[in-house]
Structures are given as structure tokens and as C-alpha cells.
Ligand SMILES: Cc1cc2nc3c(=O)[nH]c(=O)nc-3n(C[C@H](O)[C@H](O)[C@H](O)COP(=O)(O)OP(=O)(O)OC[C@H]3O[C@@H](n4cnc5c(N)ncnc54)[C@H](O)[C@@H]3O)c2cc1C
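Next comes just one chain, in C-alpha cells: the form predicted on its own.
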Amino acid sequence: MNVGIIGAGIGGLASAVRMRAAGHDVHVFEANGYPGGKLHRKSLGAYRFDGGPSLFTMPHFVDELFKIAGKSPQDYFNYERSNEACRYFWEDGKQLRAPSDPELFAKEAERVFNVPAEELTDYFNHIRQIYQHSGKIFLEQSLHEAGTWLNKETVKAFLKITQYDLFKSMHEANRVRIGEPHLVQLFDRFATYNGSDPYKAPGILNVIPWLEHGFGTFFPKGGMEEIARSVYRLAKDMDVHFHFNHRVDRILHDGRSITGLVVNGKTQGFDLVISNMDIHFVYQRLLKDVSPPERILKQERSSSALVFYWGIKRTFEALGLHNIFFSERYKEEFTALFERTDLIDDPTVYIHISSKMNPSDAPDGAENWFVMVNAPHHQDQDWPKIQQKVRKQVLEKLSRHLNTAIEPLIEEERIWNPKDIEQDTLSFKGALYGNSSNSQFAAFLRHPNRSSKLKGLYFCGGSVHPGGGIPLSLLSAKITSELIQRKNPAHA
């Protein structure tokens, strides 16, 4: 079959590999001049930055793409495991260098916070069980196909899921199971991995730290952009056809089935179309003649980000690859993000420094700081005014913690706000993960991977099931390809 893919983000790239491995003729159309979507680079002078996602977990989902193509992953893509997950800093002076390994984490947390290591070991066992009983349902299958729910194993697993804090918030579950305030805040912060509020998101999402500590954290050689670049190289070697600077104008159909695409004003026929585009823009721009699923599209948006790319002409031994400086007003921070669409004046600050692992990303004696604070999605706020206020607050916070004036060390700078994110990545309202997960039913209210109205139309990427982030976008491509195989067995 002739397959058209809209968008060369990681979901679109993975879909292209899977469709080509199944024997289809695949054409990928990308409005930008490069592959990867949010997985791109930014260069400022002698500094290189990962433009978007900075954390790499579950690399086996990437390796799987090379294996299904009959290739060795190491010929295209290499990465190394990090023994340290993150360095955490609190305003009361507490610091934790968190090992990736759960047992070592528990021992280090016991040393710093005087919490019995057995309690944290029990916590990790609990969230591991959440993954084992929920992963196959919520992450690796379509929730919108009857066959998923007719499977005995699925029903059995779903009955167990109700035991795993589905009706508590992440914060409530962590407060009950852990108690120690610093560690509760540490585990609450994993809600931000899908742009949600830990005081609202269901406790079952405490599975997220298991993805980091159970599977480990990794760093791709060459930086995060190499994840997308390597899959792109693989797809090219498989004879996938890429068309950059080609914006799709419209999805064509006859009212029942897909017939093709209009690209840069020209009509091209396709048997199947897979869209990696944000689902809001699919209906707003490409399917104007199809009634949109209003209930799904009206769900609360996820958070966005305000990012400062700073070339720092000094190195800091106190900092690692990933670093978090917590706010003392954590609950208020999320209330501001989701209820007032604003930022408090003491935001939590995250710093990613890829030059710790890849020294060529910064000049000798310098570091490339990707500095991010959680921000509300774009609602016509005055971002230039907000970013200058937040910049000052972040500099004060970091200067205090590191006992060094940071602003004089900034040699290069660029700022990326939610409005920029929407414009640059076509993420609706700059929301990084599509919908938030601030309800027990959020997973069911994500857009399906298959159109119920138009045969031959499928969806992948962070704005549809199972969610945002690199692993889930890769899984969305897998779910989509499996749906296509089941619906079109003669061609798969």
C-alpha cells in the first residue's frame, strides 16, 4: 500500500520504519527542514543544546525499530547508562544525588533523610507492580478497540489496577506511602513528565518514576537529537521517501475512506494516512469538513515550558547531567499553572547540562545549561514580560544555591516560551504533552490511534494515545502499526 505520513517527529519516524518494514511504500511530509520535531538541536556560538526533550529512558523501544528492520542498532545509534538519575536541591539546604538503581537510591535517601531504606524499597516494589499490571493496558494497547477489553488477561490485569491508587492523587498516595516531605515532593515531580498536576493526577501515575529508576536513565552519544537522527537514517536506508519543507494542507477523503493528501497545493493519492501532527491542528487545518471529537479536544491542556538556553563560561562540580532546584511552594506552583495559567515567583528550576556527558557541546571550561521552568500553556499571556520576570527569579535562585553570581557567566542566551513552542513545533497552545492527566479518566479521553469516521486514517505522537514523551510516542507508532496490520491483513 501507498502510505502518507504527516510529520517527521519521533512518532512519525517510527511509523515510517514500521510501515516500510511491513512492505509499504512510505512518504513522509514535514513542514520543517529537518526531522525530529521537538527532538532537535539549538546552536548558540560554540554551544550546542538539545532543543526539547532532555531525558532518555526505555531505549529498547528505539532499538526495536532497528531490529524489525533487520539492522543492528549499534550501527546507527549508541547510548550509555547513567548511574545517577538526578541531583536535587531544596531551599533548606538538603541535597540528594539520586542513583538510578532503586536499591542504591533507597540507601542514599536513608543517609540524607533518615528514612528506612526498606520503606523506599517497598515503594519501588509497589510502583513496579503498577507498571507490570498497567503497562500492557494503558501504554501498549489501544484503549478504544473492543478486542483490548475482550482479552482475559486484560480484564484480569484491569481488576488489579484498582488496587494501585487510581482514586487517590499522586501526592496523596506518596504522602501515605512515603511521608517524608522532601521525598514526597521528589516523587510528586514525576507528574511533570506528562505535563500534569500531582495534586490532581491519579496515583496510578506514580508508575512514572519506575520508568526512570526501574529501566534506568541513559544518554545518547551525540545528544538527544541523535534519537531522531538515527531513526531518520534508518528510514532513509530502507527507502522511505522524505519531503522536507512540505506542509500538508488537507487530508482528502470520500466521506468514508482516505483518498490522499494535498501537499503544498498539490494532490497526492494514498491508501493510508498516518498523522503525527497535533490532533487539534489536524481537525482545525486538515479535516475542516469532518466534525471534530469535541469532548476529547476540550480536555484540559498539559503544561508547557519556559526554557533559557545559557552558554555558561564556567564549570560547576555541584551540578550533574540533570538537576532540580525545588520551590518551597510546590502546591501553589501547580495551582498557578493549571488554574490561573500563570507562574509563581519561586518556580522549580530544572537544568540539563549535556556537556557533562558530551564535552564538545561547550567550549573548554564552560557548560551548556538548558534551564527550564514549568509554564502554563499559551493563553495570550504577555510572554516577553513574564520571561524577563522569571529570568530574574531563576538567576537569583541559582546564584543563591550555587553561591556564585550566575548572570555575569552567561556568554550566550536564547529564550523559548510557550508561544514559541506552539509556533515552532505546532503543539496546540504550546502544551508539551497534549492533554493533561489530571483525572482518573484522562487515559480514556485521549484521541484514539484510529479514526472511527474515515477508513485508512490513523494517528500517532504525543497528542494521542498513549501520551507525550519519547517512549510513549514510540509506543503510539507501534500501536498504530499493529492496528493497521489487523485492519489490513492482506497488505501487512
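One rule holds for the numbers: they count along the sequence shown, beginning at 1. Because the structure is a prediction, the values reported are computed rather than measured.
Here the subject shifts to the form predicted together with this ligand, a form of this protein not shown in this document.
Stretch 366 to 374 is the contacting one of 366 to 374, 114 to 122, 387 to 395, 87 to 95, since its residues have non-hydrogen atoms within 4.5 Å of this ligand in the predicted complex. This chain is drawn without this ligand; in the predicted complex, the residue among Trp416, Phe77, Phe190, Tyr232 with a heavy atom within 4.5 Å of it is Trp416. For the three residues Gly203, Val207 and Pro466, a heavy atom within 4.5 Å of this ligand turns up in the predicted complex in no case. Mapping the unseen interface onto this chain, Ser473 counts among the residues with a heavy atom inside 4.5 Å of this ligand in the predicted complex.
Using a 4.5 Å cutoff between non-hydrogen atoms, Arg446 does not count as a contact of this ligand in the predicted complex. When contacts are judged by a 4.5 Å heavy atom cut-off, Arg175 does not count as touching this ligand in the predicted complex.
Put simply, Leu65 is far from this ligand in the predicted complex: not one heavy atom of it is within 4.5 Å. Heavy atoms closer than or equal to 4.5 Å to this ligand in the predicted complex belong, across 443 to 468, to the residues Gly461, Gly462, Gly468, ordered by sequence position.
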